[in-house]
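Before any questions on how it binds or moves, here is one chain, the form predicted on its own, in structure tokens.
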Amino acid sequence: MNKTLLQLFTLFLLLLTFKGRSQTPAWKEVAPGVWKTIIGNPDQFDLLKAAGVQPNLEALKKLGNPGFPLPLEDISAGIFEGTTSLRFPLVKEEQLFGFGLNFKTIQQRGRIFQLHVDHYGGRDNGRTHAPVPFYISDRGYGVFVNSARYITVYAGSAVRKDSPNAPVPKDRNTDKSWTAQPYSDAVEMLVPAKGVEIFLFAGPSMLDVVQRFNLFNGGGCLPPRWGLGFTQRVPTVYSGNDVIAEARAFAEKGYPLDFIGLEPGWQSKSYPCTLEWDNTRFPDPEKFVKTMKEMGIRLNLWTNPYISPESPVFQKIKPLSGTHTVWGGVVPDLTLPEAQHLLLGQMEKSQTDIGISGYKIDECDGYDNWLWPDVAMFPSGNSAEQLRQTYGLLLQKMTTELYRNKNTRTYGLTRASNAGGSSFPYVIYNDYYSHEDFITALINSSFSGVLWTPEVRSSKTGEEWIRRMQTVCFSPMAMINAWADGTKPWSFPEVEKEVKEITLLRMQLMPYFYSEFAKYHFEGIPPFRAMNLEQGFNIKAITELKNANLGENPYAVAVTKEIKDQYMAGEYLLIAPLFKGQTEREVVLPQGKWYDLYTGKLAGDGEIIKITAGLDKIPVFVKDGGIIPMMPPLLHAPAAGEKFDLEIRYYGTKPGHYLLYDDDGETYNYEKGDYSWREIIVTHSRNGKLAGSISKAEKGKPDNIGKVTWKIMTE
């Protein structure tokens, strides 16, 4: 064979190899508006298998059946040297959201991530507490890669030489429109596995996409009513007597309190953990728990999953653990039913059987210098990487089932989650402490099927304290985490009055928040969500080019100013927090009229407004026609069967409509249909006056509503 023929033959083989690496996936509709494809041979263990949840198909049907949202021919995948590459198309001006719990950025086009469960370290690079491999486009579709691997993402940052939209090369020396990041027309991903399962979610709106994703993962969680009250986490080595004294102080001072969190000192030893009570600080745990319950207070226990040699389950769980230890404790392989059974058995025996109401699951996220390394091996055969990506999910699933078996709802905290965790009653927290970034994370949580709390721990001034307290009371969990410094709501006397008012407002809004969480469960709508998911959000009013010098460059990517300091709380409320040092701010109002929560006065009509606010109020605006059901400012959430009065506030001029949810507030009986939706309507009567009505509870269904009064806020 001559040299020319050899070169041609080699080129032919290379072309065949390249062609074999790439394929156009075949898609199958697996639920209304949800399509699946399988590339190669996926891992047997993935995110959805770890979570073990089932899609809510009935709810998905109600969202309709839109068509496939992307050009089939523009989606490609390939497998080479044990890795799977994926490519999804982008168009000009398309914007992306999601890729997990980010703290600094909302819009993700042009960014590069390695999605990796870890403690958030201050950069949006994919290492975070919930690196959910799911993204949403403002063109009305979402992509989910169901893999428990460290996925590398190029979110519109790379350019193929055969791209039909490839940017024209420019001379940096002479062309001012030159940019270091040229236009890219695709999202590309690299999955370190020989295959992968992919899901595509249709809209048509971004909120529809989010709803489908949440419902496909079982629907959102529905906390017990008490979980939406106020919680205080006490210092690490508090004794039972210290905890009782703290609860009494809350009651005497008139501050609401529904559950107290005990930190590591409740255990005889921690880091690693024994999962046994310390008999010096808590000599009679059962009596202590009973005393707290009689005071109207539930208890939540901190723990991490690394088992001390002094734990009663250590010897049995040791052979069911990984090759490496954490702080000298073994790491149970929680993909093994036997390991789960041993861990849950100890928790049930010494904790939940005596009335403990929930857990704070710590240290399951990361820090490479102390967590098990990727070279670790586990008896199940699942890799250290896969365990890292799913450990938080597995712990949530296990403990949720522990309470489900008792027909008692729980609500707790976790440091790690992932896709599939929507239905688990857990809120993410961390040790990072930027107030502004906490709000960005709260916004981003709505794109990823997780909950996040901007917890309050400490402050340098009363101003910072009240600003943090205001936002935490408009989040999934209203919490002070005083494990290190013992702060109390009244720690800053100069704002004590304002702090009490906002905590009591949180209690007043419980019927509204509880109904919004019910919509999260039944409809997949996040209770706290980004403005980008709100219909009529006037994003065009704040559009700007990334580089003002781009001019008419056909490859310019129009980007919008990120709105990461305001968000929606439920159907009707827009929250616009202020931060330390701020006395005024701009608020972008979606289309339509919006009213001040406190006064009912018109605030604006689909425009950008500038507001000022003192320390006494967090700016909150209500959509035209908004109906806000409120209860009296109780110090504890209503117990099962306890009736509470309702004040229904109406804002605006449009006819109003709201669905108020009701059940026993504590059990899983709602899954058997033991719940009710009460329809609230406000209309104009013939004489022009506003008139309101609320439907009666169905016969045999929960009815916890007492006296109903109406308050028309807008004159």
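The first residue of the shown sequence is 1; numbering continues from there. In this text, all values refer to a predicted model and were calculated from it rather than measured experimentally.
The form predicted in complex with a small molecule exists for this protein as well; it is not shown, and the discussion that follows is about that form.
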query: Residue stretch of 526-534, 599-607, 481-489, 347-355 approaching the small molecule in the predicted bound form, non-hydrogen atom distance within 4.5 Å; finding: 481-489
query: Residue (of 463, 362, 498, 333) lying close to the small molecule in the predicted bound form, criterion heavy atoms within 4.5 Å; finding: 362
query: Candidate from 644, 80, 433, 271 lying within 4.5 Å of the small molecule in the predicted bound form - any heavy atom; finding: 271
query: Close approach of residue 415 to the small molecule in the predicted bound form, 4.5 Å, heavy atom; finding: yes
query: Close approach of residue 580 to the small molecule in the predicted bound form, 4.5 Å, heavy atom; finding: no
query: 4.5 Å heavy atom contact, residue 404 and the small molecule in the predicted bound form; finding: no
query: Residue contact check: residue 263 to the small molecule in the predicted bound form, 4.5 Å heavy atom; finding: yes
query: Contact test, all of 35, 61 and 141, partner the small molecule in the predicted bound form, heavy atom 4.5 Å; finding: no
